[in-house]
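One chain comes next, on its own, written out as structure tokens in the form predicted alone.
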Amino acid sequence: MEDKKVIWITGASTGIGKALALKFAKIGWIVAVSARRENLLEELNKENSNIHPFPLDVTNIEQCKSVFKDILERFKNIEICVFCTGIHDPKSEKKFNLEKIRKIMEVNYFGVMNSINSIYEYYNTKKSGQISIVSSVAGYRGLPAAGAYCASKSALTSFTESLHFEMKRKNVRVSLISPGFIKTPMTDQNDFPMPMIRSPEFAAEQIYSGLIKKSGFEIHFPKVFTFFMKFLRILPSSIYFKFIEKGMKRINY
């Protein structure tokens, strides 16, 4: 086990995190997986013995520290950390719900901050390895019925850019993962057409390639959709609003 590389993935019980865990495990990496639902992590371990469950609620600061300590004590080294935790509630976002807004920010943004807090000194001392944060193209601009989700992802994107500058001086690569629509239990809640939606396995392949075979900052996919979203990002607000409002007429918001 000592000669194998180790990756830690949070939000690994379903969706992109799960598919990514299986991808790395199948090619021989040791994969430490974290999420709240321990039973789903145990199922992953049964599917591939290279996957090792470390249950975690990322909103618990001290638990993030203790879980990282447990992983490090067991495997001695961690090459890559991928922080993939995220929630969304499109129904509640159709009206202002302060409780839900706080919950989304607590999990999507502060959950990642808690995770980074747990590994910061390790990478600061190690001066090698990778930290990768899963955001979304929803962080590029504000979208209808997704205010809290877009805000949480926008915050993650900006933070990751800032962290890049700091960690580059320490020889630690920081990367941003910006998926388009991926079919997961979270996107299954959406009641509108999702253009160019892809499978979690597609996402895992794209992320693996971006982490291992390439060295750029942002890993985004599918490219046709994400480049279109990047184009919307640079439009003047007046044009952007008119474009989105035109599309909203076909959707029940």
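Predicted model, so just to flag it, every value in this text is computed and none were measured. Residues carry their position along the shown sequence, with the first being 1.
What comes next is about the form predicted together with a small molecule, which is not displayed.
The three residues L56, G86 and P185 all sit with a heavy atom within 4.5 Å of the small molecule in the predicted complex.
Residue contact with the small molecule in the predicted complex: A35 places a heavy atom within 4.5 Å of it. Contact check for G129: every heavy atom lies farther than 4.5 Å from the small molecule in the predicted complex. In the predicted complex, at least one heavy atom of S135 sits within 4.5 Å of the small molecule. Within this chain, A12 lines the site of the small molecule in the predicted complex, having a heavy atom no more than 4.5 Å away.
Figure note: of the listed segments 158-166, 70-78, 119-127, 145-153, the one touching the small molecule in the predicted complex, with heavy atoms no more than 4.5 Å away, is 145-153.
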